[in-house]
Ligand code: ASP
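There is one chain below, alone, in structure tokens, taken in the form predicted on its own.
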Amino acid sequence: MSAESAGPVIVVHGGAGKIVPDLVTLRQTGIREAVLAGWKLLSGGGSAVEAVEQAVRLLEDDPAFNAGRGACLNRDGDVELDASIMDGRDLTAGAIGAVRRIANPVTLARAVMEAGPHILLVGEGAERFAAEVGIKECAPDALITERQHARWTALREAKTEEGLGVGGTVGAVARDSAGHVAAATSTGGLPFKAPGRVGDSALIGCGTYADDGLGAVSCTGDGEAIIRLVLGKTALEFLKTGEEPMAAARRAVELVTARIGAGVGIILVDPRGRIGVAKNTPQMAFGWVRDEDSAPEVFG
């Protein structure tokens, strides 16, 4: 699946893990729509930042994924969302953690990036900032789906998660026609997590990283393992040694397997528009578009 492109390219993922049968088609459809939305912006001359934000927003709105509406619940039965975005042109970045009333956390993360000087805002402070910049709150219950409530109930009663689905973090990486790269990631985190827990998706260098000189990356899977290995930046550093993008992605995932044994997935694009994808989990929904005349390539 190695690919090279001198022009725009976008890659989107919908989380590494085990996808239950009734979600496979839904996630593939969601990935296809997100890829096409991002590609429409890129092919029209839009920036990589605009493309990854738009792709991730669509997946946050899609209840088949663990981000925005459809996110998993913490121990208290609440949704707490993390997201980040990074612009490879100048290394500006924005991130939010543990927000409860924001339907599209990736857009709030972009607002943090553009406002500066801070990079990461969490909890109540992030929600206050959202109000200051005109991002409307939603009712917390509007983000909770029947599937995720059933999952929470099963975990609370110490039942198995089988049949309820795992994974579902979403992310996107892109290279635009000007040669700039960007990345974004968004998640509801771990099911039944401790209130206030913030994972890799909000941490620059871990779940998300973009640098025009290196490339752009978005990670998914065991957030604590991704944080411990600073996986996003680590994967892009492998490209500096001359690794092809697919090999660099595989090497990053193999590092997690060898050192920690956790389940993860990764998507990346290098400065030349070449794509890298790897996982050590049973499944990971992902897709890309890299050519004006080609249809999206989507994998489950």
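The numbering used is simple: start at 1 and walk along the sequence shown. Just so it is clear, the structure is predicted and the values come from calculations on it, not from any experiment.
We do not show the form predicted together with the named molecule, though everything after this point is about it.
Participant: When you measure heavy atoms, are 197, 201 and 226 every one within 4.5 angstroms of the named molecule in the predicted complex?
Facilitator: Judged in the predicted complex, 197, 201 and 226 all sit within 4.5 Å of the named molecule.
Participant: Which one, 139-147, 185-193, 85-93, 120-128, holds residues whose non-hydrogen atoms are within 4.5 Å of the named molecule in the predicted complex?
Facilitator: Within 4.5 Å of the partner lies stretch 185-193.
Participant: Applying a 4.5 Å heavy atom distance criterion, does residue 208 contact the named molecule in the predicted complex?
Facilitator: Output for residue 208 is no: heavy atoms all beyond 4.5 Å of the named molecule.
Participant: With the cut-off set at 4.5 Å between non-hydrogen atoms, does residue 167 touch the named molecule in the predicted complex?
Facilitator: Yes, residue 167 lies within 4.5 Å of the named molecule in the predicted complex.
Participant: So in the predicted complex, does residue 215 come within 4.5 Å of the named molecule, heavy atom to heavy atom?
Facilitator: No, residue 215 is distant from the partner.
Participant: Is there a heavy atom of residue 105 lying 4.5 Å or less from a heavy atom of the named molecule in the predicted complex?
Facilitator: Close contact is absent here: in the predicted complex, residue 105 is far from the named molecule, nothing within 4.5 Å, heavy atoms only.
Participant: For the stretch 213-227, which residues lie within 4.5 Å of the named molecule in the predicted complex by non-hydrogen atom distance?
Facilitator: Contacts from 213-227: 220, 221, 222, 223, 226.
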